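Taking the form predicted alone, here's one chain by itself in structure tokens.
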Amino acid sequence: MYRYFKSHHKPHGGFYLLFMPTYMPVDPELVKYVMQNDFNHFVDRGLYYNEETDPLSAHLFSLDGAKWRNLRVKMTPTFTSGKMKMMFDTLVKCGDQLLTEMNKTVGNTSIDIKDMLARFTTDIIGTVAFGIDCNSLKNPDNEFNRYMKLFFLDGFWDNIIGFITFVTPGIAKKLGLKAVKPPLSKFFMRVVKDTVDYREKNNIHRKDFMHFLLQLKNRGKLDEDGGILKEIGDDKESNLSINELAAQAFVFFLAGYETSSTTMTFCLFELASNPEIQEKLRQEVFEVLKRHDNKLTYDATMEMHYMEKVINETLRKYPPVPGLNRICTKDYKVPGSNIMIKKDTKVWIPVLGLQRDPEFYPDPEKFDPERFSEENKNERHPYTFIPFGEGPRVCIGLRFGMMQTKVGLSILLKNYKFSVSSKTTVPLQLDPRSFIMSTEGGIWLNYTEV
């Protein structure tokens, strides 16, 4: 659709999703109006959620209006750079286990790198979000891994339900449909309640995301003293309920598990396909670690500027979420035109279209990290690169996702050289049925010790 409108030299266009009219801005300036300048007309994503029958669906990504605003304000302090530093050591420990597993088959066989990285991110999120050692690197068939895969595996009826909840969330709500499969919901609620009960009974203080959520549940705010239990005079209105807490933990798990492992997978594929870029990045990792006594620290990852370019170029070519949706919350006149978008019209923001547009990125299929040099970035419209969204609804976990990706890549590139296995279909075939960008047949890489 993006290419069609673009080839007709239109700044925007429209199409029908079933019987729902959908507006698509193509000009990055119009994208900026929707996501930033006139955000008050496009506050909501128009996604399904149902606090009563499907509590895990009522998370920050789906909520709308005042509910979203209030929760966003409460949650924002959990993702400051100070909080990221607190969680950093946990990520590095999971990286040690990743090395142990990778070393078992180094030089002998090709591996499905997405499977390995998904287990790595499951272990990170399990530890950081719940303080639970998932051990999915050691044991790929553990409970957490099984249930998280269940979310992304869709049968015929799951697809029908997914389509109805996406296109007509209001009807889905009336029908009592559930976006989160009941077995997954039951498992997740049990894990959250057990974790909450244990920590509250023992007043346990850990440097993780669950600790911040517990403070929001019991105090309604984050406090630096580290305690989690109630204090007299707290404002109960602002406290998170157990269901709200579970929903936020759930979306943090989903977002951190899938998007970071996807990004690292595509990044390693491109590095394996471009050995000179891989070697340049490896040298940066060595040089930065040398300045930090050969220790991977938060500050060290912040100094890896070429790595940031490589990750950004990966996110440009393979945005984990290829399109973003909004809904028009009040009638809106499109700037520079006489077109009126009616209230409740869906809006589709074409992330993949913008980021593979040769007007903004010449030779878009080429993997070129230098597109993200300061000079090149300044020449482009900022809204031609929006893998995390933008404006007030920009991804709240952006910093955490980048940190997790940098840690994974630093550990792998410091220890191994990667090349593309003959088991990988090149050029990559994208899976049209997947909501998150992924390939058919997986990405298989060979690797040897550096």
Ligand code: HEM
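Don't overthink the numbering: it's just position in the shown sequence, from 1. Keep in mind it's a predicted model, so treat the numbers as computed, not measured.
Absent from the display: the form predicted together with protoporphyrin IX containing FE. The rest refers to it.
Among residues of the shown chain, residue 126 is not one whose heavy atoms approach protoporphyrin IX containing FE to within 4.5 Å in the predicted complex. At a distance threshold of 4.5 angstroms between non-hydrogen atoms, residue 255 is in contact with protoporphyrin IX containing FE in the predicted complex.
Not displayed here, protoporphyrin IX containing FE is approached by residue 394 to within 4.5 Å at the level of heavy atoms in the predicted complex.
Within this chain, residue 400 lines the site of protoporphyrin IX containing FE in the predicted complex, having a heavy atom no more than 4.5 Å away.
From the list 137-145, 160-168, 259-267, 297-305, the contact stretch for protoporphyrin IX containing FE in the predicted complex under a 4.5 Å heavy atom rule is 259-267. Proximity to protoporphyrin IX containing FE in the predicted complex, taken as a non-hydrogen atom within 4.5 angstroms, holds for one residue of 27, 51, 38, 390, which is 390. Of the residues given (309, 316, 74, 326), 326 alone sits with a heavy atom within 4.5 Å of protoporphyrin IX containing FE in the predicted complex.
Shown without its partner, the chain has 60, 61, 68, 72 in segment 58-74 as residues with a non-hydrogen atom within 4.5 angstroms of protoporphyrin IX containing FE in the predicted complex.
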